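Read the single chain below, which is given as structure tokens and is the form predicted on its own.
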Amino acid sequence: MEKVKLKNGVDLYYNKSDKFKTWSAGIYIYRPLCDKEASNNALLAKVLQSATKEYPSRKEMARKLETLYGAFLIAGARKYADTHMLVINIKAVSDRFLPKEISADVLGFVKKVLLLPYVTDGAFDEKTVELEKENLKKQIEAYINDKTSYADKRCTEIMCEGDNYAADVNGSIEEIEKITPQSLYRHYVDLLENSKIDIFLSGEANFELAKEMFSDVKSKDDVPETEAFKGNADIKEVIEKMDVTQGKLVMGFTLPKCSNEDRCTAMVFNAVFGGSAVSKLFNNVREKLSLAYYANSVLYFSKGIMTARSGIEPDKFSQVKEEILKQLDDIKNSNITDNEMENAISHLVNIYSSLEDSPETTVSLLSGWIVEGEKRMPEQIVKDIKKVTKEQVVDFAKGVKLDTVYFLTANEKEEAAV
């Protein structure tokens, strides 16, 4: 991936590929994560996507995209460590497949979305803001309908209570309700003046044109710093009851190390433990013992957190919890076969080696690594993954500690529903 720093401080990345018929341009704006920021950024993304000064309605925006041979515009928010990202992305057909070149028009359009929104007298359009506020609140409320995502979210909130990482990617209903068209515009101005901004191009994009076109987008030099979660003094255990038939067990762990030099060891550990279909959780808790409908683990490396997740029968709570901890203890006690190590490393190598097959996925990954200060490209990560030893994995595992147990289970005397 090629990178240049423009005179205005914007870093411009180009992940060139001619394997696909489409290319994309993404604007990534980095902000410090907290409930208020997340609420404003998530709402702002949707308002910017809805209208510009030149195209002041969803219908006119859609018509413009149709003239660009069905280009697709999407804006939203991402949460990564202690950073909240506002992302604006546009995807279009490559010029060589079209009767006329549109790349300049596409880049110009996404730039207008960022810099020339629909604003009147220092405020965004009131109808647009109110509509998007309601849509965002419904999106937050909808979490409860997806019990797996809801349980993951609740475990993080409980584990990281008092830490900014507990904030939801879309903020909170309480903060969203406080936002006005005027306050959102003030936030927008502050965002443009005081944020790190990166531009990512993927596919057959016009790199030289992008350098020129985004030369007046200003950027601060640094992304917000991340502090690893230090853990709670005592293990938290929370049981919540709802109308469910399948219990959701999520166990939060703290990690011993979260510097970039430990990244590959952490990834291999996670792949051995529960982060792959060749892991101990999958093969033992789910397959051999048939204790769970699913059993896996997810690494939030830069924040120093890992979660182990499983869908279980409500009466299996204690048994599954103990079995998950047993699988972790097996790793700590060096009970890892050569086959488990080889399969875990092979799994990760396949993932990172195949990133070229999806330029957008590469951009998503690298934008997160920018937050963490990771300088290596995927090719080097692959090489370093192959160097990880069983001894390193065992040493890492010994510092992994249980912090929080969250269990979503069925109401005792009510008929449960999925």
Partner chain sequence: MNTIKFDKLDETLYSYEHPTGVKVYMVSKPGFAKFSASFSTHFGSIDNTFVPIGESEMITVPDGVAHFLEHKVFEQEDGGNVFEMFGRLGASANAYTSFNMTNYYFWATDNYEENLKTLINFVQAPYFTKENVAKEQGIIGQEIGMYDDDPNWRCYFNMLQGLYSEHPVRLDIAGTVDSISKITDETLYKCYNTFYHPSNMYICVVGDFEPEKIAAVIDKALKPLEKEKEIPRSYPEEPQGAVTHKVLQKLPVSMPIFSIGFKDSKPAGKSAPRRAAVNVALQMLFGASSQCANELYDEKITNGYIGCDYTAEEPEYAFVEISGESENPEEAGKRILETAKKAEFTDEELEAAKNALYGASMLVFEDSERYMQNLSKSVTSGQDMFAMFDAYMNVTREDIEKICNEIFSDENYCISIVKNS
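Numbering follows the first chain given and starts at 1. Small disclaimer: the values here were computed from a predicted structure and weren't measured.
Keep in mind the form predicted together with the partner chain is missing from the figure; the text below concerns it.
The candidate spot formed by A62, N145 and N283 is fully in contact with the partner chain in the model of the complex: every one of the three has a heavy atom within 4.5 Å. Shown alone, this chain has one stretch from 206 to 214, 89 to 97, 105 to 113, 180 to 188 that lies within 4.5 Å of the partner chain in the model of the complex by heavy atoms: 89 to 97. Taking non-hydrogen atoms only, I305 never approaches the partner chain to within 4.5 angstroms in the model of the complex. The closest heavy atom approach of K248 to the partner chain in the model of the complex falls within 4.5 Å. Contact check for S364: every heavy atom lies farther than 4.5 Å from the partner chain in the model of the complex.
At the 4.5 Å threshold, heavy atoms of E313 reach the partner chain in the model of the complex. Between the options E66, E379, E391, E54, the residue in contact with the partner chain in the model of the complex by a heavy atom within 4.5 angstroms is E66. Annotation for 214 to 233: no interface residues with the partner chain in the model of the complex [heavy atom within 4.5 Å].
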